[in-house]
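The form predicted alone is given below as one chain in structure tokens.
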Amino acid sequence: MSSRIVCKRILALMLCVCCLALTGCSGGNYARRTDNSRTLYIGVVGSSFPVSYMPWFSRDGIAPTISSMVFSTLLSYDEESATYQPALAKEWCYVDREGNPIVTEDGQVDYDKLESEYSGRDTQCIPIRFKLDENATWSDGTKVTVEDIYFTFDLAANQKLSNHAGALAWVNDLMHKYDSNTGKLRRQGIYTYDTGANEKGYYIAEEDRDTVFYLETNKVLGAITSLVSTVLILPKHQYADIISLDNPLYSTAPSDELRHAYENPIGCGAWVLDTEKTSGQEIVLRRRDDYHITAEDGSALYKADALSFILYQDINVAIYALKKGHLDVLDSSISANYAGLFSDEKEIALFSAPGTYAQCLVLNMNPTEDRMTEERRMLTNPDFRRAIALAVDQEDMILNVLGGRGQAMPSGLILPSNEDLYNPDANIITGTAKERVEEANAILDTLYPEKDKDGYRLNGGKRVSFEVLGSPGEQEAISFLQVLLQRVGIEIKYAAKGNSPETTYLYGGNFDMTIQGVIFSAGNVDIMFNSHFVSLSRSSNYGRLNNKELNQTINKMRTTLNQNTKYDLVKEISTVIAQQYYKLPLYVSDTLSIARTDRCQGWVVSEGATAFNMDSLENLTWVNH
């Protein structure tokens, strides 16, 4: 009997006993049933809640969600329209050497003119002009100004003062550079009225001194993306006087002043942290009435007055809490195993959204010599890697691991729905499942023809066996990989990632294989291709791929200012990626989520998101209000 069938049969029993586990949760779990306010109760599944709300710190669990709601970036990127939407900044444009906007008649970026203006060797960078929304304020009432912008980006570029390697990566394409040894500014790339904009030739009128600024970026079309949609802006008036070289922004032993700032964030987003009601079990955010972005009719952009995030360490307990009416929605996707539980529920809706990223099996291709083992040496052979790729049957995985709720990802790791970037020539794994297994076995018969009594291949008398690093939630996928690879005589074993897998295993290449989520789009290829396939430092290139041809093509793609050429190069790159047999796609899972409809309605299904998303918060209507 398969593990999936067993899971289904015991699921109801697990939920029946979950009521006992609820008794140990916070009192907030029961408040919803008697709450007539517009407070939304959101269940979060995780090991713990953050104790610090400095937005640059953690990218795990609920922390990024909270940070993005309390703080704000300059702009947001809309994948569907491939455009940047207002956030703290309400206007932006590339400018030519005379300071004129490089835009078409309808106000869009004129990429032909941009290429003509800056593709030559006589220019080193591209200037971008921004104008802040003059109504934007911090949650303590202080206006957001260009001083906050300069402070934030200057700090992100100064490793010695920020002590934050991630921030340095976010601003890698910003021309504002510090000397890594001395910590002194060696090139300015941020210009405001008071920091030399007019002297540089970037005109700013006196009346715009608090709202207009310029950034100089590398000549990379995607340079703007991470700068405007990743870097959360910090309040200068909260942090400037309490950080120094001896007391940097990120500290494991912060001063009392820094600790207070971490725990009492002054944000510029639509929500403010209710510090009195927030605890290790519950995070409460209250909607700011003075948020500068409103709905079209002038009303509040988001319809809930407050958000109560409640922690559960087990998905079964969280589901039970929602079924019993303690929650409105889960901020966690659910397994397809659970879908049948809600087919007859009148006040609970099950939502299925198309997935946006692929789960991949990453092979350790280039470990350092001190990390090399005989098993990992086998993975350096491209024929051996192709055999593994042929044995991975995505359709079978989707059926058995996802219950049919997902789609296959091409070997080039770009979905066909992404018409600008998709290249069908990157689909190099073809044929029926039977034909692919036959080809895989034919390859392996030439490499490791001997087998043991159980049918596993031998290398020098030792079973060919690999460990796959994974989290508990990935065990089912790894278990089915065991079935698939057994068909070609390769043994797979599950190995727990632990709490800090990047530092412990992945960055140093101390693993055989691992599961990794991958997503590439027009908005992120400049950063993500470099991170996943080029960089050999602390990046997402866990298996340390080092391919000169691929590196050169990625660099060419990054530096062209011709958008059509850029997209053509992405298509070429996807073919080269496929031929490496390095990140083998397993599936793209649909995002399944659940929400109650008895208190509020209007949940929106957004690609790759649960029912708890910003579109839902804009669209919800409240029953009996």
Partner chain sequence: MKKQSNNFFLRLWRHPKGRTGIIIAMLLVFCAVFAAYLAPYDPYDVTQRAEKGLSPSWSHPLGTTITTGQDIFSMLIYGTRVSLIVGLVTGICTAFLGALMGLLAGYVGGFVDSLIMRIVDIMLVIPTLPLTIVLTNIFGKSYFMIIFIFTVFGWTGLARVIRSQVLVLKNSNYVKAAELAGASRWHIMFRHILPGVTHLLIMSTALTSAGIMVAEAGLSFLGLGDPTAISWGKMLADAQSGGALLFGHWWWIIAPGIGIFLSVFSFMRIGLALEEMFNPRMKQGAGVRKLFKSLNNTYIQGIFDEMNEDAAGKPADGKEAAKA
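The structure displayed is predicted, hence computed values, not measured ones. Positions refer to the first chain, counted from 1.
Form predicted in complex with its partner chain: not shown, discussed below.
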Q) Taking its partner chain in the predicted bound form as the reference, which of 359, 407, 316, 145 has a non-hydrogen atom within 4.5 Å? A) 316
Q: Identify, from the list 229, 551, 366, 337, the residue with a heavy atom within 4.5 Å of its partner chain in the predicted bound form.
A: 337
Q.
Within 4.5 angstroms, counting heavy atoms, which one of the listed stretches 461-469, 118-126, 318-326, 184-192 is next to its partner chain in the predicted bound form?
A. 318-326
Q.
With the partner left out here, check for me: in the predicted bound form, does some heavy atom of residue 133 sit within 4.5 Å of its partner chain?
A. no
Q) Can any non-hydrogen atom of residue 499 be found within 4.5 angstroms of its partner chain in the predicted bound form? A) yes
Q. So, in the predicted bound form, is residue 475 in contact with its partner chain at a 4.5 angstroms heavy atom limit?
A. yes
Q: Check whether residue 448 has any heavy atom within 4.5 Å of a heavy atom of its partner chain in the predicted bound form, and answer yes or no.
A: no
Q: Report yes if all three of 137, 291 and 301 come within 4.5 Å of its partner chain in the predicted bound form by some heavy atom, otherwise no.
A: no
Q) Along 482-504, which positions have a non-hydrogen atom within 4.5 Å of its partner chain in the predicted bound form? A) 483, 494, 499
